[in-house]
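Two forms, one protein chain; C-alpha cells for each follow separately as structure 1 and structure 2.
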Structure 1
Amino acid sequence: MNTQNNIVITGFMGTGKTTVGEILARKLNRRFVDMDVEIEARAGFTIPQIFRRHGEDGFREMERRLIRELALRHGLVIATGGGALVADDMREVMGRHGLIICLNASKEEIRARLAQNRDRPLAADWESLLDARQSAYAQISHQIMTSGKTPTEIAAEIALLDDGALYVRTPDGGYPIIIGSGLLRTIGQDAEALGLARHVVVVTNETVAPLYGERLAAALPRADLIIVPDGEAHKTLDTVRQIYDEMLTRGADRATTLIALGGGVIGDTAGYVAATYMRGIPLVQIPTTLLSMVDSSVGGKVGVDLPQGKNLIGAFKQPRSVIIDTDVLETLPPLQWRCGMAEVIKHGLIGQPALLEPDLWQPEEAPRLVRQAVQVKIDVVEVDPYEVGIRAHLNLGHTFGHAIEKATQYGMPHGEAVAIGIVKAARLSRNLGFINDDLVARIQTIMWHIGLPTDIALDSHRWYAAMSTDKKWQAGKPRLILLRALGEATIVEGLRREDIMAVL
C-alpha cells in the first residue's frame, strides 16, 4: 500500500502550480491531480461555466468535496485551485496526510502571467483578491518564492523538502537546508535540481579551495572559482572588492549564483557580495565549519568588519539554499570543532536540551547533531528575521565572551570565550534564582568534556568595562541573555553591577 504523504501545491493564480506539479509528479513518478481539471471532468463543464451556473459557492462546495476525498489518498502530487485552501478547515484536512507548499510570485509576475490567460472567473479583480487571501496563504509553513526560478528548479526544491530537508520561512518566502553525508560528492549529478546548472561562482579561501573548492567547481557545469585569503583579518571591504573585480572579469551577471564555500568568514564576506553585486544575486551557502553549519549560514546576516569593529558593514541576504555536507568536518582542525561545539551547546541550552547528550557529539552522529542544532537557529530566526527581539537569545554567553576576546586582544578564540561566557551567564542565572546549582555544574562538566575552558584569570573590573561597551548593552544599561530554565533563554535588563561583578 502506498503510504507516502501527498504533496499539495497551492498558492495564488498565476504562480505556476500546475506546471510545477506536473514536473514534480514526473520526477517522483507519482500520480498528478490538478483539482480544477478534476472538477471540470466530474462536472462536465468548464470552471467559468460552473461559476455561471452555480456561482462561486457552488464551485467551492465541489472543491471541498474533492479535498476531503483527496486527503484520504496517498502518494499524490496535487495542484489546488488558488482559493481551495483559503479556509482554515480545508488546510487542516489537506495537511493531515500532505506536505502543503505555497508558491508565491511578485504582483508584476502574476499580472504578466494572467495577461496571457484571461479565462479565469476571478481574474478581473485579482489584486484585491490576492490581498484578501494573503493572510491565509501565510499560515502555510512551506513557502516558495518562484521569482527568478525555473519550474524545474521549483519542483526540485519541493522534492528536497519531501525528502526531509529542513526549511526556513522568511518574510518573502523561504529556503531549504539540505543536510547529509557525501552531498558534495554527488553535487555534480544534482546540479540541475539544486539550481546550480547555470553560471555560478564558488567563493572560498586558500585553505578550503584545495580541500573542497577545486573539486566543487570542477563538478558543476559552469562554475568559476574565486579564492580569497583565509582568516577574520580578511573579512573586509578589500576582500569584497577583490571578489567584485574577479566576478566582473568572469562575466558574472544578475543570473549568476554565488556559492559561499567555507566557514563563517567566507559565508559573511561572500554573502555580502551576493547581497550587493548588481543589487543582489542568488546565494547558496555551503558551510564547512561546525560553527557555520549550525549558526552563521542560516538566518541571512552577512557582512564584513571595519578597522573600528567587527561586523559594522552588513545586510540581510537570505540564501536560495544551504547545503551541509557533514563529511567536510573530517578535515576540520580540533580547535574549530570545539569552538563550533560551544555554539551547539548554546543552542542546546536555549532550545534543544537533547544537544547536551555526549552520545550526539560523536563524529558519526554529525548529521543528526547539525540537524538538531540548526533547527534551534531556524526556530529563532523565523520568529525574528531582522533581529529585533528573541534573536538576541542566540547571544547567550556572548557579551561575557566578546569582552574576553577584546581584553585578550583576540588571543582567545571566539568559541572558547563563548564557552566561558555561557558558564558565567549560567552562574548569574543561578544567583538570580532562575536555575539551580545542578544545571550550572552540568554545563561546566559539558564544557570540560568537550575540552572547552570554563574560566579565565582576568581582572573583573577590566572585564566589566569591556562588557559595558558591547553593542547589545543598551544605552549603557546592563542587558544580558540569561537562562530562565534548561531550554529557555530570557533577556534581562537593568541588572545590578554588583550581581554581574560577583560572577566575573
Structure 2
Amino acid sequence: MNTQNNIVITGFMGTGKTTVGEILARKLNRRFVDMDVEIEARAGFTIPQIFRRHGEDGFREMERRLIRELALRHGLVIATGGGALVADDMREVMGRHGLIICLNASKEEIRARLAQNRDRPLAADWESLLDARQSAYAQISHQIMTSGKTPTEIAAEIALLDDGALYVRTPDGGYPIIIGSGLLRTIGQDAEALGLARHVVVVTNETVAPLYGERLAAALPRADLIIVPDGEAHKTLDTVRQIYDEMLTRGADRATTLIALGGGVIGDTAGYVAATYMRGIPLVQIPTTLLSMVDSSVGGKVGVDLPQGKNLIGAFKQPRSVIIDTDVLETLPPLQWRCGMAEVIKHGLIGQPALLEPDLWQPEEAPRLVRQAVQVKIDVVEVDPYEVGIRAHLNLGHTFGHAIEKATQYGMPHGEAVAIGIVKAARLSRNLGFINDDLVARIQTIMWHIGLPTDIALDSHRWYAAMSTDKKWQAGKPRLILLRALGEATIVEGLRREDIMAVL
C-alpha cells in the first residue's frame, strides 16, 4: 500500500500547475492527476461546456467531490484548478494527507500566458479574480514564485520540499533550505534542478577557494570563480566594487546566478552584490561555517560595513535557495565552530531551549543541530521579514558584540564578541528584573563549557560610544534586545546610560 502523502500543486490560472505537475510526477515516478482533466472525463464535457450547462456553482460542486475523493488516496501528484482550494474547508481536506504548494507569478507574466489561451471561463476579469483570491492563496504554507524559473527547476524545488527540505516563506514566495551530507559532491549532477545550469558566478574567499570553490566552479556547467580577501576587514564597498568589476569582465548579466560560498562575511558581501548588480540577480547561499549556516545565510539580510559601524550599508535580498552541506564542517577550525555555537546558543535562549543541551553540541550532531537552529531563524523571519518587529530578537547580544568588533578593529571574531554580548545582555536583563541570577549563571557556564569568552577588558566609555552607532538605536536612544525569560526575548527602548554602563 502506498502511504506517501500526495503533493498538491495549486495557484492562479497561468502559473504553470499542470506543466510542473507532469514533470514532477515523472521525476518522482508517481501518478499525475490534473483535476480539470479528470472532471472533464467524468462529466463528458469540457470545462467551458460545464460552466455553460451547470454554471460555476455546478462546476465547484464537481470539484469539491473530487477533492474529497483524492484526499483519501496516497502518492499522487495533483494539479488543482485555480479556485479549487480557495475555500478553507477544501484546503483543510486536501492538506490532511498532502503537501500543498502554491505557485505564484507576476500579473505581467499571467497576462502574457493567458493571452496565449483565451478558452478559460473566468479569464475575462482575471485581475479582479486574482485580487479576490490572494488572501486564500496566502494561507498556504509553501509558496513558490515561478518568475525566472523553468518548469523543471520548479518541479525540483517541490521535490526537495517533499524530501524534507526546510522552507522559508517570504513576501514574494519563498525558498528551500537544503541540509544534508555530501551535497557539494553531487551539485554538478543536480545543476539543472537547482537552477545552476546557466551562467553562474561563484564568489568566495582565499581560504575557502582551494577547499571547495575551485571544485564547485569546475563541477558546474558554466561557472566563473571570483576570489576576494578573507576576513571582516574586507567586508567593504571596495570589495563590492572589485566583485562588480570582475563580474562585468566575465559577462555576467541579469540571468547570471551568484553563489555566495563561504562564511557570514562572504554571504553578506556577495549577497549585497546580488541585490544591486544590474538591479538584482538570483542568489544562492552556500554557507561553509556553522555561524553562517544557522544564522546569516537565512533571512535575506545582506550588506557591508563602514568605518563608523557594522552593516550600515545593506539591503534585503532573499536567496533562491540555501544549500547547507554539513560535511564542510569537517575542515572548520575549532575557533570557528565555537563562534558558530554562540549563534546556536542565542537561538536556544530566544526560541528553542533544547539547543542548550550539551549532548547536541558535538560535531557529529551537526545535521540535527543545524536543522533545529535554522528552524528558529525561519520561525522569526517568516513573521517579520523586514525587521520591523520581533526579527530584532535575533540580535540578542549583537549590539554589545558589534561594538566590541568595532572597538577592537575586528580583532575579535564575531562569534566571540556575540558570546560576550549575550552575557552582558543577560546581566542587564537581570538588573532590570526580567530574569534571575540562576539563568545568568547558566548562560555564563554554557559559554565557558563551549570555550567562548564571557568578558573583555575594554574601556566602558569607549564601548558605550561604539554601541551608540549601532543601527538598531533610534533617534540616538538606546534600543537593546534583552531576555524576558528563557525562550523569550524582548525589545527595550530608552534605557538609561547608567543602566547600560553598569554591565560594561
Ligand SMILES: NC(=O)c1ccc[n+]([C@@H]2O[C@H](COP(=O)([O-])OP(=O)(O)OC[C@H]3O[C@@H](n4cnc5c(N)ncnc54)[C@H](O)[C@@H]3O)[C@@H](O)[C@H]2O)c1
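A quick note: this is a predicted structure, and the numbers were derived from the prediction, not measured. Rigid core (definition): largest C-alpha set, two forms, superposition within 1.5 Å. Reference numbering: structure 1, starting with residue 1.
Undergrad: Two forms of the same chain here; which is the form predicted alone?
TA: The form predicted alone is shown as structure 2.
Undergrad: Between two rigid parts that rotate between structure 1 and structure 2, there's a hinge somewhere. Which of T186, Y410, G389, F32 is there?
TA: Considering the domain motion between structure 1 and structure 2, the hinge residue is G389.
Undergrad: Just how large is the rotation of the smaller rigid part between structure 1 and structure 2, in degrees?
TA: Treating the chain as two rigid parts, the smaller one turns 12 degrees between structure 1 and structure 2.
Undergrad: Given the rigid core as reference frame, how large is the C-alpha shift of D459 between structure 1 and structure 2? Answer in angstrom.
TA: For D459, the alpha-carbon shift amounts to 5.9 Å.
Undergrad: Given the rigid core as reference frame, how large is the C-alpha shift of I420 between structure 1 and structure 2? Answer in angstrom.
TA: So the C-alpha of I420 has moved 2.8 Å between structure 1 and structure 2.
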